[in-house]
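Here's a solo chain for you in structure tokens, the form predicted alone.
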């Protein structure tokens, strides 16, 4: 059999999309943990575990570095990574982006946790900076809701209530009612760690590194980039301002944390 003909015939049977991101559109890749509720029940503390959060931050850092992102946001078991309109990694091929981002997050988290896990991935696109701000405000609002729900649910479970009854009791309840449920048990939602309630951000910062030039026998300074973890994100309009700064400048200065 002719090898070139054979190669062409076999490649012709590969099913590979040619779909690409819209030119000039802002792109956000969001990866979500698969079956992480079961994972967290058996391997991590509830309702929140600092070790789990460290693993999520490690995965977010890997995505930001390897895929050349601008900003990453972590909340619960999801990571959202922002990319500029001119971002052209993998020739903006959607299938490549979702498969590699899911694989990278899965591998990094698994190594950090010493437990095999899986992420899935999806893409969100925005046409302007206002839509970018809306997206991250939306995910931060989701983090607020998740934190309140998780604290209520696991507080009831730790009191001996079964999962069905705890879910049933909280279904349809307002945020005020849930906060009151925690308050009578001595838990102040406003005093909870910021990363649990509002999520965590990762962004690039520019810094100056001092070195030594042995030929000239003198100190030299160079400008470098590194990833800063923003453990205490601002709220509402202040968060909008931070996001707009990132979009405009492409970096995070130390005075913006």
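Residue numbers count along the first chain shown, from 1. Just so we're clear, the structure is a prediction, and the values are computed from it rather than from any experiment.
One more form of this protein exists, namely the form predicted together with a small molecule; it is left out here, but the text below deals with it.
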{"query": "Partner-contacting position among 129, 150, 141, 110 - heavy atom within 4.5 Å of the small molecule in the model of the complex", "finding": "150"}
{"query": "Heavy atom within 4.5 Å of the small molecule in the model of the complex - residue from 205, 65, 49, 194", "finding": "49"}
{"query": "Output flag, 32, 35 and 44 jointly within 4.5 Å of the small molecule in the model of the complex, heavy atom basis", "finding": "yes"}
{"query": "Residue 228: touches the small molecule in the model of the complex, heavy atom cutoff 4.5 angstroms", "finding": "no"}
{"query": "Distance check, residue 106 to the small molecule in the model of the complex, heavy atom within 4.5 Å", "finding": "no"}
{"query": "4.5 angstroms heavy atom contact with the small molecule in the model of the complex for residue 76", "finding": "yes"}
{"query": "Location of the small molecule contact in the model of the complex, chosen stretch of 215-223, 22-30, 49-57, 228-236 [non-hydrogen atom, 4.5 Å]", "finding": "49-57"}
